[in-house]
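Let's start with one chain on its own, the form predicted on its own, as structure tokens.
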Amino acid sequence: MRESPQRHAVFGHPISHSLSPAIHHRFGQQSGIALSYEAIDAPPETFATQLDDFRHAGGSGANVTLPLKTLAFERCAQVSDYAARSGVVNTLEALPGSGWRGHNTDGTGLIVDLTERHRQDLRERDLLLLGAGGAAQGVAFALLDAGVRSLTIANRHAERADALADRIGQPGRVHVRYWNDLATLGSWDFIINATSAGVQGTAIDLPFAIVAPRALCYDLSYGRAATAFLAWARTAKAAHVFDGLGMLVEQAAEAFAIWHGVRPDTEAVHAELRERLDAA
């Protein structure tokens, strides 16, 4: 009898734009693993019920994206060490019997994309992290582990930036600044946009003065959601400007390895998706 494919999904709101189903289907083909992978639109108020329904229907693993990563953390019976540090989960692994073990592969995905694909040295850089939500939480600890010299967090709601800085707990290395004061505070040689402005279609108003010579600018989003920030960074004469497509593919590969025990090759999938986005 032919074995039924393992059932996986990505939960988010909105989610119709997600490339995750295409990525995981390609990984499955590459690895010879039969799986199904769907996108499930889950508003925060119904996410818990939809996740339970997915598990009861045979779901064996899931990814979670905006705005559900904190809620996913709260639904886990167990979490990995990194997920415990960050307080957010983007990958759910079914535990025997019932319950989920939560992981966060965003940080690893970002570091692999920056250091291996783009050949960037992150050590001793002064980083400005724009945003303090689930996306920022998921990568902040990995960036500090990778050796950035300092981390400055700016968020439109300062209390969220304060909460993330408190969670990290390195006051000599991690700082909070008011968004509206950025123009007067100097420049950074590494800037990451972790806000949801691009996804929501809202403008991100930033002064060019914050971009230091030879700066590296990176948007955790990809495609149309990253367009405005990337255009701003290029206009500000940043030396290196990247979107988050590579991070998306690498974090997906980490999740695939958690579920299936094998890490797929990402280069062909990344190239295929880059061609598709460029054509669009």
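In this text the structure is predicted, and so the values were computed from the model without any measurement. Heads up: residue numbers just count along the shown sequence, starting at 1.
Separately, the form predicted together with a small molecule exists; it is not shown, and the next lines address it.
Taking the partner from the other structure, the small molecule in the predicted complex has a heavy atom within 4.5 Å of a heavy atom of residue 196. Contact annotation for residue 247: at least one heavy atom lies within 4.5 Å of the small molecule in the predicted complex. The closest heavy atom approach of residue 222 to the small molecule in the predicted complex falls within 4.5 Å. Remark: residue 152 does not count among the residues lining the small molecule in the predicted complex, judged by a heavy atom distance of 4.5 Å or less. In terms of contact with the small molecule in the predicted complex, the residue from 177, 75, 101, 156 that brings a heavy atom within 4.5 Å is 156. Picking from 91 to 99, 182 to 190, 115 to 123, 135 to 143 the stretch near the small molecule in the predicted complex, with a 4.5 Å limit on heavy atoms, gives 135 to 143.
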